[in-house]
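Only one chain is given next, in structure tokens, and it is the form predicted alone.
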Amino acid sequence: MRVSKEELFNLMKQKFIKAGLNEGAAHDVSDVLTFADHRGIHSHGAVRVEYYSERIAKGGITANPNYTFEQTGPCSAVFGGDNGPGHQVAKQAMEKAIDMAKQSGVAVVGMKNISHSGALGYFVEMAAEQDMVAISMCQSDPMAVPFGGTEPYFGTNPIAFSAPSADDRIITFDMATTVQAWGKILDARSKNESIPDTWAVDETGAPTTNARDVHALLPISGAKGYGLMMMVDILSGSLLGVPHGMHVSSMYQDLTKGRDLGQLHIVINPAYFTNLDAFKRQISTMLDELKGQPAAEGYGEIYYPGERGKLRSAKYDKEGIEIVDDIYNYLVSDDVHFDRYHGKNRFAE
């Protein structure tokens, strides 16, 4: 099923309002999810709506939260999320971070006690669109084995980066510290597709290609990915006084309770370090040089981070965004949710 960007946004927004969110929160959550689907990151788009709706309806996401913002220093602040929609918290916290970086050159804003916030690329691009460089990272519940281990300890713990150029190209790098995000497994399940044997292991610790046999995910590049996921957990968890590692709350176990997750935005104003225009021109030159590099056999051309997502967006603007039929049928239905997620394990089983 293909739908326009506008139709998809409106369908998701109305579903969230029906689940209990106020219009502003429903708008922000739907905007982040639409961003993901519009870039072809379907693991963080409409496939998540029913889960969020069930958690909202059951009280595990605060429908009308009382947010707090405490500036703890010239360049630092903590945003209290009251377990509200993580997408809205991360968006408002990034707005605050951008304003702080404009004044002080650098901003580090932590978010505590929030729910899942979706695709981090959305938030770092907010900064790049205002000539800032940004990094964002967040913790998640245990899904990945530590290097050399057999049981999950850290989450997929994603990290994202974005920077502006002198033209309309924005570098956006958004990755999980596992070989693939759990959402990719979820997307494969929804499409009844297999997965590469490098993504995950089954209960015996053996690689699996069956998305429904996944017991744990694997860190990227072995020990290097393991170190990165620990770094993300410390900076977005321990640094903010929220639960760490194996103590991070489950996405599915109890949808009546808030998740108390942590996230961190770091925003840097290039104008405080160098000439802004020269910085942006250098980024554009870098991208031109990369595009001019010879591609290895079978690759066609070299893409800069974020380019393929923009190309997919242009394609979807013409052809519509491709959504799994079952998900579309749910979005147009009168149902809020089908009690599918509460009480499940980390892989919604």
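No experiment lies behind these values; they were computed from the predicted model shown. The first residue of the sequence shown is number 1, and the count goes up from there.
Below: the form predicted together with a small molecule, not depicted.
For the options Y51, Y304, Y67, Y316, the one in contact with the small molecule in the predicted complex, meaning a heavy atom within 4.5 Å, is Y304. Residue I41 is the only one of I41, I323, A26, V32 with a heavy atom lying within 4.5 Å of the small molecule in the predicted complex.
Among residues of the shown chain, F147 is not one whose heavy atoms approach the small molecule to within 4.5 Å in the predicted complex. Mapping the unseen interface onto this chain, C138 counts among the residues with a heavy atom inside 4.5 Å of the small molecule in the predicted complex. Heavy atoms of N83 never reach within 4.5 Å of the small molecule in the predicted complex, leaving it off the interface. Among residues of the shown chain, M175 is one whose heavy atoms approach the small molecule to within 4.5 Å in the predicted complex.
Heavy atoms within 4.5 Å of the small molecule in the predicted complex are found in one stretch of 138-146, 91-99, 71-79, 197-205, which is 138-146.
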